[in-house]
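One chain is shown next in structure tokens, namely the form predicted on its own.
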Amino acid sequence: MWITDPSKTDHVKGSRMEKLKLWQKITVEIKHELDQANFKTWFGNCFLKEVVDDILVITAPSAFIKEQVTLRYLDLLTEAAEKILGKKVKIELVVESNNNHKTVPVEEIFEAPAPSQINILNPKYTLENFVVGMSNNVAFAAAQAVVQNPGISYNPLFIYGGTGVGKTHLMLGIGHAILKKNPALKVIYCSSEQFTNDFVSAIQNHRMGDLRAKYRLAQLLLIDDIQFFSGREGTQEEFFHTFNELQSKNSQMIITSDRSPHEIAKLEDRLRSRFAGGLMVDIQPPDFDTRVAILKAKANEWGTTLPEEALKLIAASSEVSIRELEGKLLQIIQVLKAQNLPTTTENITLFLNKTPKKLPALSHQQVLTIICHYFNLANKDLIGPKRQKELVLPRHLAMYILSEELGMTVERIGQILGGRDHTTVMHARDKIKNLITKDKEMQQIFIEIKQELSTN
């Protein structure tokens, strides 16, 4: 192996050229496991900052890249580093601009493996870290019953409730628990938008057989935000037949929505009937004690301890959305850390009483330029017709900011973003509005982009 003893590790810590060589060796290993597009997207602008004992500190150019690499590729990165160094190591990712780093050349051609068929569930959401209270105890009990007898008890399980009350967390927690009992199970997790996009793509490319093989062979199907099927007749038709096929094989289905099936407009009666044919459970906004417990759990998860009174202040600031509470908690932690202030009740009170900073007057072109810079995209790709997955989030963020921060009409935004339909803009705007309060990754991305917009 290239480096095997502490003295050489210290040399890596002090020599920029040695760090560059080590990082290049690690990335060569990673490229054997990824296709070229994914490698460039997630590792093209990362850099080995330092090696301290058995810890490798890797810089990522944004919170978005950091969180995605941590979620998707941390094990792969660790294995590659251990193979090169010949010992156990720990990877730490930090957000840092890499403008002063020399980037590692990326080979233009290498063999790409066949696409993986494994659907990876977000490891953050488990039943073990789901905080149970009076508002969600019935839904939690139903989740436990499904884990014990998937496909038999409560199929489908339809979980509904307002934005940010923990529906997705509970659904993914069930998925993790079932997979723990049967790791070979074929699990499909997707949003209603992804199912719709897959359906449209299958029609356009004459690959309906592939679509049906993907979804109808699932043994556990998790569908998020089913309310967005509203008015999409073709999507509903395909999902109806998928539903029937899975139910006939006792494949477990779990569905989330922001409202009950009876309240979803433009939903076919036959789908509404099937959703209601299993068990429907609602999750109400958490009571005060549950909100405090959730905040305490999140603070511990993020490695921070806050005074009980401070947690109560934050809990009292929102009575509806857990996501909003988590977003406030994350902002408080980041702001106090950036200003080197202690997490006292007084400082948190000052934060909660502050009026949110408004963005300066910006043109739509400035917004698009900053978003392209943040995600390392070309402007022509952002506004162009390409439909790659890596373009979806930047486009949706652009639509949201142009609407919410600049006050532009959805029709005008559609024209700016390549002549897209106004309904597409509305859907993207509403989706980002939900995501911003959904978890800390999205909150961090929006904070960083807004900071860049504020300085222009």
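Position 1 is the first residue in the sequence shown; the rest follow in order. These figures come from a predicted structure and were not determined experimentally.
Another form, the form predicted in complex with a small molecule, is not on view; read the next lines as being about it.
For N136, a non-hydrogen atom is located within 4.5 Å of the small molecule in the model of the complex, even though that partner is not displayed. With a 4.5 Å cutoff on heavy atoms, F199 does not count as touching the small molecule in the model of the complex; it lies far away. Taking the partner from the other structure, the small molecule in the model of the complex has no heavy atom within 4.5 Å of any heavy atom of N300. A residue is said to contact a partner when one of its heavy atoms sits within 4.5 Å of a partner heavy atom; V165 meets this definition for the small molecule in the model of the complex. The stretch that touches the small molecule in the model of the complex, counting heavy atoms within 4.5 Å, is 123 to 131, out of 378 to 386, 123 to 131, 337 to 345, 70 to 78. Of the residues given (L85, A143, A310, I322), I322 alone sits with a heavy atom within 4.5 Å of the small molecule in the model of the complex.
The partner is absent here; in the model of the complex, the one residue of L329, I255, I188, I294 having a heavy atom within 4.5 Å of the small molecule is I294.
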